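Take a look at this single chain, the form predicted on its own, given in structure tokens.
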């Protein structure tokens, strides 16, 4: 069966689209994380949804899942080489969002941003 896209971004959004995938990927840009760490970093996501999204990202070759043979089980997630190729796009999305927040604050909106990307980058070096 031949897959047809009208524009290239459709293929991108098929892999990283939706509410949670890009957020998960942004967290994995800097660190390998366990499921519980991702849940704490994204408190609005349910465990079921996080598991589903991680499985889809793994199936698409974007995320690597490493299971340690120990009790209790330990599972870590990181970006695959293919996933790391998204870093430039993800960085730009984060910066764009931060600029939008700054602009909206300048217009009087009260917005809390818990982690600025540049601060997180500095703290992980």
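Numbering follows the first chain given and starts at 1. Everything numeric here is computed off the predicted structure, so don't read it as measured data.
Only in words, not in the display: the form predicted in complex with the DNA, which the text now covers.
Colleague: Name the stretch: of 67-75, 83-91, 96-104, 24-32, exactly one has residues whose heavy atoms fall within 4.5 Å of the DNA in the predicted bound form.
Modeller: That would be 67-75.
Colleague: Can you tell me whether residue 51 touches the DNA? I mean in the predicted bound form, with a 4.5 angstroms heavy atom cut-off.
Modeller: Yes, contact at 4.5 Å.
Colleague: According to a 4.5 angstroms non-hydrogen atom cut-off, is residue 59 in contact with the DNA in the predicted bound form?
Modeller: Residue 59 lies outside the contact set for the DNA.
Colleague: Residue 19: heavy atom within 4.5 Å of the DNA in the predicted bound form?
Modeller: Residue-level check for residue 19: yes, a contact with the DNA.
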